[in-house]
Every structure is written in C-alpha cells, then in structure tokens.
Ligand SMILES: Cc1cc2nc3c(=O)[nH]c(=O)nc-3n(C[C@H](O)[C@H](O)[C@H](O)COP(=O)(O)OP(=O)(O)OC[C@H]3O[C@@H](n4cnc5c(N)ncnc54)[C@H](O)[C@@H]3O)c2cc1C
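This document opens with one chain alone, in structure tokens, the form predicted on its own.
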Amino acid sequence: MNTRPHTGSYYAATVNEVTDFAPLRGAQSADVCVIGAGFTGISTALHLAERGYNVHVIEANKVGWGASGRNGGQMIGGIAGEAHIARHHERDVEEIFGALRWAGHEIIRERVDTYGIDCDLKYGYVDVAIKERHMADIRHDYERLHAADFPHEVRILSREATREATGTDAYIGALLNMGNGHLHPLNLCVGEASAAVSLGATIYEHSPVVDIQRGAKARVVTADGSVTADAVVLAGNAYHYLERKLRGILFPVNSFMVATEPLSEETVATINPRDLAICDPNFVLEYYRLSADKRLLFGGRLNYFGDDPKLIEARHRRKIARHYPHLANVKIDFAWGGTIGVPINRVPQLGRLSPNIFYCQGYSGHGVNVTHLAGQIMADAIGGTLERFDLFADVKPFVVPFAHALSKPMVALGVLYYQLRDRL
C-alpha cells in the first residue's frame, strides 16, 4: 500500500496525539463519505457530525498529513478571489464578504473552546509593507476594517513601530491586526478529528481511494474496502489526483518551512516581543512567527520541487539572516515542505461532479481560515442550503489543458514571473 507517515516537520514532532485509525476494510455505509482528512475534510465531517449525520472519512495517509499539518499556522482573515466573485455576481465586495472573511476564525475559536483543543492558539498578526504601494493597500485595509466596526485592535504601524514589533529594518510599515493569529495546525486538525469521532464519525487512515462509482448512492472504493453513501465530498486539495476533472483547475505550489532551536528570552525580545505572526505582501512571500516553545518558524516559497531538508535549510537560513543577522548560524532543528492549491483566478473551488458528489479545494494560502468556513458551507450544501455554496460554485474555474502533467515547469515559470513582479 503506497501510504506515508507525516513529513519530518516540527508539527509532527510535537503533535499532542499520534492518530492510529484503522484502514478501511470491507463494505461500509454512511450518510456522507468524505475523502481527505485535512482541514477541509475534517471540518466538513465535524460540522456534519454535529448535525447528526453518519460520516465516514477516508484518508490516504494520516490525519493532517498534507498542507493542513505542514503550513505556517497563520490564521489570516480574508478569502482569495473576493473581487472576482463579486464581479461575477454583480454585487458589492463588502456586501458579500464583510462577515465571511472572519467566519473561519469564529469556527476555530468555538471549536477550541467547545472541545478543549490544545493548539497554541494566540492572537496577533502583522501585514508588513516593503514598498510604498504596499502601504497604500494597508491604509485601504485599515479603513475597511474601521468602517466595518471590526471588534479587535487594528493599527497602522510606522517604520519605527514595525521595527520594534518585528526586530528587522526590512519593512517601511505594517498593519497590526489582533483579530488574526497563529496556532499549531496539526494539533488543531487532530483535535477536530477527535471531536468528530466523539460525535460518531468514523475515520480510516492509510486507505487511498482508487475509484468513485456514481449513482443514486455513490460508492467510494479502496484496495480493501468501500463506503456507500448518499453524498461524497472530495477534500484532497492539492494532493488530490484521482478525479480527472479536478486536475487542470488548480496548480500545486510548494512552500517550505524551517524551525530553529528554541531561542533565548533575550533573542525573542529582540525579534518578536509581542509574539506576532508576520507575513509580507509578495506573491513569492515570506512568513514567520514563534512556536509555543519559542522557536522561529520561518516559511517561504522556493522554485524547488524536492524535499531535501539540507537544501531547504540552506535557502531559508539565508532568508533568516537577511532579517536577523545575529541568527545567521542559529541551529535549525526541522526543515520540511508542502503543497498548496492555487486556482488561476484565486477563487476557492466549491462545486459538484454529479448531484451527490461535491468537491472543495484551492485556498491560495488562506487555508487555515477558509477551510473551516468551507467545511461549514459543504455541510450546509449537503443539508440542502445552497446560498453560500452557489456563491463560489457559480464562478466556473479556469481549466488549463495538461496542467497536471506539466505542473512543475508551469509553476516554476509562474514563480519566476511573480519574483520579477515582486521586485518592481
């Protein structure tokens, strides 16, 4: 069976509970079968289980094995492709997305509180500016949040205040948002999976799906078993390769992270005294924060498609040193990579392959927030409430012929293009 354990990440090394769900064996039945046990699949399953559905989740590897257990852990509001969706529906962006931008945050907060999930959830985030055009975007975001009576502290930071908050002279200003935050993503995903199981959901690990048979009831088939269900949700995102119709509508873009050794209190006080998540505005971006045990977790996109920890470490060490020269020789304990799904138009892709087979993918790096909203929307759709589902499903994705077969060279060219744009 071609299944794999977790990548060698800081998150996998510090997960609260190592899941050990049995593989799917024999013929099973359910109200809903979810394929994929990342944030999208687990969020959908938990929403459905809370509503009394009999849900079975099939995972090829382990809960949170893909991007949900590897990402930067930054809980950022907003939905990629908002303007495109609003134009399609001929509606105002703020009218549609005012509350939706933060709905995923509220779901996470409620779940952490309700189920006692220990995932190091902390609030505080800065969007930093490198160029004056970035400051114009920051001022626009600040005015929008102020007009919407955003209930959390939001403040534009001067160059000096930004340097004090981030410990680097790399930025000319920033937007501080205490409604956004950061967390341990794998602990959140595993905690939500445990909550779903406590409500009656069934999860199978190490069970790659080999076929989905359509019909009045769909049948999801693995090498050793099957689940027959009234509805199926495909939630594999960039790691889904089974359904041909989904292969050409998003690009798998790699992102890589390192985790340093735990830093001293003196060092932490110089680089990130408020324990904020930090993200720059580039497409080929850098993002970083502190872990609960005060390691620097530093991530970014590279024009690279391997998983060699030594190469990832070397490239990220140079990036860290540009911001923090005194950390040029800091010990790096973990280095890993993962893949995010990026649609051409950046619009999250919610849709149907048949009347009872749904899919949900493509969050363009906003996955922690948007997957939790998407899971709620998918549960609504299965229950017959389609208003929010149709908001996304009515925007048809761009199809790129041969995108699956040629994804690496096409992504490499795209990253090079955006690197050049970022420098302008």
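Owing to the predicted nature of the structure, the values given are computational and were not obtained by experimental measurement. Start at 1 and count along the sequence shown; that's the residue number.
Below: the form predicted together with the named molecule, not depicted.
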Q: Note which of 208, 262, 248, 281 lies within 4.5 Å of the named molecule in the predicted complex, where distance is taken over heavy atoms; exactly one does.
A: 208
Q | Contact assignment for the named molecule in the predicted complex, among 340, 119, 176, 218, heavy atom within 4.5 Å | A | 340
Q | is_contact(residue 115, the named molecule) in the predicted complex, heavy atom dist at most 4.5 Å | A | no
(Q) Whether residue 28 contacts the named molecule in the predicted complex should be assessed with a 4.5 Å heavy atom distance threshold; does it? (A) no
(Q) Test of understanding: in the predicted complex, would residue 364 fall inside 4.5 Å of the named molecule by heavy atoms? (A) yes
Q: Determine whether any heavy atom of residue 239 comes within 4.5 Å of a heavy atom of the named molecule in the predicted complex, and answer yes or no.
A: yes
Q: Could you tell me which stretch in 231-239, 156-164, 264-272, 135-143 has residues with non-hydrogen atoms within 4.5 Å of the named molecule in the predicted complex?
A: 231-239
Q.
If you apply a 4.5 angstroms heavy atom cut-off, which residues in 260-284 are near the named molecule in the predicted complex?
A. none
